[in-house]
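Here you get one chain, nothing else, as structure tokens; it is the form predicted alone.
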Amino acid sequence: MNHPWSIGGMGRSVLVVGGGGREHALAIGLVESPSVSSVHVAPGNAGTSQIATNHDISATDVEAQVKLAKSLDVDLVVVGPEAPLVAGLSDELRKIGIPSFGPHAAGAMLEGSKDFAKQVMLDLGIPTASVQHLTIDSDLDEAVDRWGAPWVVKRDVLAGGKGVVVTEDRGEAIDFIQTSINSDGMVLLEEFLSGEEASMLVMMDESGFVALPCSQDHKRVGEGDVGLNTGGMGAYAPAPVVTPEVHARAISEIVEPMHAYLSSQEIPYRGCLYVGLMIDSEGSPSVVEYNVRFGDPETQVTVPLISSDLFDLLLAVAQGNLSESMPSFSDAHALTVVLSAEGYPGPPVKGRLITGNVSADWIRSPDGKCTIHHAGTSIVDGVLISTGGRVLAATGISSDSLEHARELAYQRLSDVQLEGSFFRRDIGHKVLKK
């Protein structure tokens, strides 16, 4: 199948596993690669269908994904979500000689088990919050009174971004603790870390590592960072809160010891290590969480800042040769704004018509460009409908300033219509005037 974005390439083919905004951003970057002639996405969304070939296979169906990769004879598989990594997709692909960007199942447990990740950090002396392990035998009143509000409660399971509660309501904290213990057998209660959060995406294999431009996302549903936590309502990069001094400390105190640990394992880590940072008022970084894949919506604002060949970078990591193919980055600014469905972050209203200019083509202007990254979208009977909570995102890239990138993103989003949808109008407010 030929697509408007196809540029001939050098005969390399790629399969991207997943169907969200992250996977659309990765697909765009891969289609733009001069090394690539064909991009496949499984299952994909309406946006990826504009630029690549979609395959209706669940991201978590490991057997079917492996079969697809083999039948397509792809040169690389890029695994977007965490669940198939924890289920061993990269392990199975490597068994049949297909390079996979994404860690093996053992490495993926850094996200699959918050308890495991916390223990690794404590063993390595990586700065992170203190933790209590609570079970049915624990004195919950004593536990929650130990540090006081706000309380950070984390389930030790993959929960699709809904396994963490941060609250100043004592009753809510105890209720979530009890519910989690009843369902999982245990739960983690962490000491609250204050400061500003930032995201550091680190490309990593046994030969070396490199951090992509740091970003900052907006987790809360409401403007001014209020309301319920979400998967992310927007993001921007680079994030000024990660100063050169903070960056240097994060690398030396957090990334380097983790890289040394992961590289010493029988099977080395190959993929993206997402480091969720908390930076306190004195500029000291600590780890809030590790994820084992690109973030969403952080990918939408970091991948476009990679000025070198994305395919070469991902393949080098998948083959353990990152040190021979280090990327270069532009000095541009990027900002993305997520359009969410009515009801999100609760059960979203799905199946509504989306109209307007939702093309994935870059719209270029002096000193910048913008696009639409699709997430919860699908084509049904020839029309575009919403299929998820986070429906799409408008992303602006500017060589001039972050403010210009924001203007491009919001202008692009104004061309889209979806009944009941909403978006935050203050993305980037911590560094820009509203």
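Keep in mind that this is a model prediction, so the values were computed, not measured. One rule holds for the numbers: they count along the sequence shown, beginning at 1.
The same protein also exists as the form predicted in complex with a small molecule; that form is not shown, yet it is the one meant from here on.
Listed residues V210, V288, V144, L124 were compared with the small molecule in the model of the complex; V288 is the one with a heavy atom within 4.5 Å.
Contact annotation: of the candidates I98, I363, V202, V152, the single residue with a non-hydrogen atom within 4.5 angstroms of the small molecule in the model of the complex is V152. Exactly one of the stretches 190-198, 255-263, 337-345, 240-248 approaches the small molecule in the model of the complex with heavy atoms within 4.5 Å, and it is 190-198. When the small molecule is considered in the model of the complex, K219 lines it closely, a heavy atom lying within 4.5 Å.
For N229, a non-hydrogen atom is located within 4.5 Å of the small molecule in the model of the complex, even though that partner is not displayed. The small molecule in the model of the complex comes within 4.5 Å of no heavy atom belonging to H104. Although the partner is absent here, M186 lies well away from the small molecule in the model of the complex, with no heavy atom inside 4.5 Å.
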